[in-house]
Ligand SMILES: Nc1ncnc2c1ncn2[C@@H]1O[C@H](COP(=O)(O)OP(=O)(O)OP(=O)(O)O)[C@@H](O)[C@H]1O
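Coming up is one lone chain in structure tokens, specifically the form predicted on its own.
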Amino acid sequence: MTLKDVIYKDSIKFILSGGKGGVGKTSCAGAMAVLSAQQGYRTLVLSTDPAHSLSDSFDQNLAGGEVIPIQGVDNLWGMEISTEKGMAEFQSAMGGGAGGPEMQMASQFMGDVGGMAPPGSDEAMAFGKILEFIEDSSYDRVIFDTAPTGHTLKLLELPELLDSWLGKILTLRQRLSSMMSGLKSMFGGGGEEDQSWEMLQQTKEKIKAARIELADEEVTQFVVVMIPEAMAVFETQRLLASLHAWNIPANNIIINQLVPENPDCQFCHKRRQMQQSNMEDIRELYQDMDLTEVPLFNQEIRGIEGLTRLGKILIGEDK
């Protein structure tokens, strides 16, 4: 499946752009979002990177944790996740104080109850957004500009961690429920209906749905972005190994910032030689994947015009 196939395929709901820091993930996410919107898909591009650069890429303020229409392109919206707002929304998606009164009582006596506070922070917010948009039909497609590799791996590991975390809470609630029922009766609180158990079960179902969606290549594609340097090659191998272990489809690699031939520049020539040597290794390592080569631009990619040009290169319409 080529990158053009991914962007133009009706069934693809989630595209995640990820890789080592500084390789151009945000520019590629923005370019794919512009292409998607231009094809008529109602597209949301959002940054899960704590050090946001999506606003810079679109040359428009997208901060504040609110969905904002992107100027200059129909069908396109953007958002940079706000730490405070995102955490509140994630807790809401997880059922608020979903442990119920049993967990509140247990926390008073047992502190953190064996480390059962919700895992993650920035990653939890990003995953909360995935949960939200799985059920939200407002957008045909959501494109994630993810954080550098380490954060992204934590994000993609969250479904399994949260499943385990919720399992511990459900077990603890079961053990304490009879005791709490007795206390409620003693203090006249037995008539209040506790819905937190149902919220926990619903949250588990949401996480299960997320795991299914993220593993379905007809719905989700992870697009790896890298540059032709040794450290980026090593990090890409680590990222792809983790994606494979978690069954997250990743069939496309963008090799960015390739130095063009320039015999009049000795530095450029040496730099290109190094990159071309690494490209031989990349082509051999990833011969079963679709590789898209992107030249180094002579200026910063910023604004709709620059992102549109990059998008055309990504789908092979501008060399």
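The structure displayed is predicted, hence computed values, not measured ones. Residues carry their position along the shown sequence, with the first being 1.
Unshown form predicted together with this ligand; subsequent notes refer to it.
Q: Does each of Val23, Pro295 and Glu300 have at least one heavy atom within 4.5 Å of this ligand in the model of the complex?
A: Per the other structure, all of Val23, Pro295 and Glu300 touch this ligand.
Q: Counting only non-hydrogen atoms, choose the one of 259-267, 59-67, 45-53, 273-281 that falls within 4.5 Å of this ligand in the model of the complex.
A: So the stretch in question is 45-53.
Q: When the contact criterion is heavy atoms within 4.5 Å, does Ser36 count as touching this ligand in the model of the complex?
A: The answer is no: Ser36 has no heavy atom within 4.5 Å of this ligand.
Q: Does this ligand get within 4.5 angstroms of any non-hydrogen atom of Pro249 in the model of the complex?
A: Close contact is absent here: in the model of the complex, Pro249 is far from this ligand, nothing within 4.5 Å, heavy atoms only.
Q: Check whether Gly72 has any heavy atom within 4.5 Å of a heavy atom of this ligand in the model of the complex, and answer yes or no.
A: Gly72: no contact with this ligand in the model of the complex.
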